[in-house]
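Next up: just one chain, as structure tokens, the form predicted on its own.
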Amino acid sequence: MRNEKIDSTVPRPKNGEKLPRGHVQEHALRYMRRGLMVGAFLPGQVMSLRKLAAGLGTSPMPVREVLSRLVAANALEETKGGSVRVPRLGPEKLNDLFAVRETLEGMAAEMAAKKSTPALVAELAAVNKQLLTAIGKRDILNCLSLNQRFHFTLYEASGSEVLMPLIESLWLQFGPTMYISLLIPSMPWNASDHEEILTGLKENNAAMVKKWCVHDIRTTCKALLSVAGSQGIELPFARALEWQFDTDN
């Protein structure tokens, strides 16, 4: 797997000045949250303080604090040896997470459809077009990133301040499985459900939008369960994405 690049937008200190500690910590949290939600970190992957701190251009302390916050949010877990890793999700936990996803994300999609505008449809269509291109090129990072953008753009259009934090919490927990879902030969990504969602939005058919959003979630869950052992999902040929950081604004 080639190294992938992501814009981490960390401001460069000027004249040797240090960035405020809170700013660095919040940036590290945003980076880690995004990495977990799009699937840049894999189930079972141990978080290296040294590598994360080096990539973010900071000391290990703010990264350690961020990891502790993510452990508290159930997005990461602490091992008996004291290290922090991405949890492996067994079949029971996967079923639980995806069942809740169907309920909350289906609700958000339906609400968004009822408020749909031509601008929303155009934005989602553009994102999905980029996603299809990324799938065709096997551009893993963009597949993951654009898929997350499609879903969150749709859900945010619901206007619900209650649903979005709950949905984000779910994506923090199951997001690391998304990279693996791309590698399952029997169920390749094709974004066909996204096309149905777009059709539903164009036809002002909220029930159709909800139906295909739920179908998309259910299909992914089925694919993941097909490779999930009792100890969780783990594929021998899956490797974590090695993101390179562009710290220039």
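Throughout, we count residues from 1 along the sequence that is shown. Just so we're on the same page, rigid core means the largest C-alpha set that superposes within 1.5 Å between forms. Worth saying up front: this structure is predicted, and the values here are computed from it rather than measured.
Heads up, the form predicted together with another copy of the chain isn't pictured, but that's what we're talking about next.
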Assert contact residue (another copy of the chain, in the model of the complex, non-hydrogen atom within 4.5 Å, options M107, I135, V127, L141) equals M107
Here the chain appears without its partner; judged in the model of the complex, the stretch of 127-135, 174-182, 147-155, 94-102 with heavy atoms within 4.5 Å of another copy of the chain is 94-102
Indicate whether A119 is a 4.5 Å heavy atom neighbour of another copy of the chain in the model of the complex.
no
Item checked: Distance check, K202 to another copy of the chain in the model of the complex, heavy atom within 4.5 Å -> no
4.5 Å heavy atom contact, E123 to another copy of the chain in the model of the complex: no
*asked:* Since only the chain is shown here, I'm wondering whether T219 would be in contact with another copy of the chain in the model of the complex (any heavy atom pair within 4.5 Å).
replied: no
Residues in 60-74 that come within 4.5 Å of another copy of the chain in the model of the complex by at least one heavy atom, in order, are M61, R64, E65, S68, R69, V71, A72, N74
Is the C-alpha displacement of E196 equal to or greater than 2 Å between this form and the one not shown once the rigid core has been superposed?
no
| task | For A206, decide whether the Cα shift between this form and the one not shown is 2 Å or greater, given a superposition on the rigid core. | result | no
Legend entry - R69 C-alpha moves between this form and the one not shown by 2 Å or more, core aligned: yes
